[in-house]
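Given next, in structure tokens, is a single chain: the form predicted alone.
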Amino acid sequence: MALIPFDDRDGMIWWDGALVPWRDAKLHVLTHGLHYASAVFEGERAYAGHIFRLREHTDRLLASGRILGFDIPYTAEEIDAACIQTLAANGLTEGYLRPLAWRGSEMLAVSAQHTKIHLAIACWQWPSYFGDDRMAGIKLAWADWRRPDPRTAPTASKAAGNYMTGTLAKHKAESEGFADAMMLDYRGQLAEATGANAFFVIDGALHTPTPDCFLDGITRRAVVGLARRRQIPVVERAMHPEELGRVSEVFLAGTAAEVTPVRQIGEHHFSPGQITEVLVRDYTDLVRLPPDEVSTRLAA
């Protein structure tokens, strides 16, 4: 299937307070965010006309900007409204949304205290991240790159620069016939895939690495809530690669990935089992509920 370039599409993009035609949403080549990764973003999905956990995404976007030293010049209410407006302007009820905030082109140096902070929101149709056969389970390679020490990078922010090593790891994995890569952290512990958190089933309990140097994903938190509602034990802890021999099921969780079973990590093989299947089904049901019912379901 031919790829549709992202700079040549029909539609509208919300840009600094107004909707503009998709093809007109351009910025200068000397924009600070392009050169120094002074940008933060969110990935959101809409289902049945509702953007899943919209306020949580918006709050994280604002917090990510503050971690990078800038304030996005819109309130959470204004950003939520802009996301909803963008979805409607593109005639979508199901789709992926990408809010992005960045430093502009007023200054170009490491220090850029007087740059304008911009915000844009785009959305497009994006079906399953790993394809229609994802329930068969995807294969992960081991990444050469590691998630950094929080003293090395702003790991609590969904910052553009934090994804450079993810791109490198995923490109290498794809070149070797894998769908994605499993990343370790700076200590050599299990961390996450290149853009999604990971869960491991051991003796009927759900184990997941402590997110102390990578994002505690919004989908991750939803899955934990769903598992506890099913009375599946959830254990958040430091995990090590040598533990994979004890693991019976693995799945990823993220906005783009949703809940995706894993059948292989390097030399280790797994089969999607009952816990994975239940949580895939529960998550699929959850995202189609109205927002107030989502909150009630996860709080139960």
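Note that the structure is a prediction, hence the values are computed from the model and not measured. Counting begins at 1, following the sequence as shown.
Omitted from view is the form predicted in complex with a small molecule, to which the following refers.
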Q | Partner proximity in the predicted bound form: residue 196 to the small molecule, non-hydrogen atom cutoff 4.5 Å | A | yes
Q) Looking at the partner-bound form in the predicted bound form, is residue 134 within 4.5 Å of the small molecule by any heavy atom? A) no
Q. Does residue 255 reach the small molecule in the predicted bound form, with heavy atoms at most 4.5 Å apart?
A. yes
(Q) How about residue 147 - does it come within 4.5 Å of the small molecule in the predicted bound form, if we only consider non-hydrogen atoms? (A) yes
Q) the small molecule isn't shown here, but in the predicted bound form which of 215, 169, 79, 117 has a heavy atom within 4.5 Å of it? A) 215
Q. Hey, of 186-194, 138-146, 201-209, 80-88, which bit sits against the small molecule in the predicted bound form at 4.5 Å between non-hydrogen atoms?
A. 186-194
Q | Joint contact, 57, 60 and 219 to the small molecule in the predicted bound form, by non-hydrogen atom at 4.5 Å | A | yes
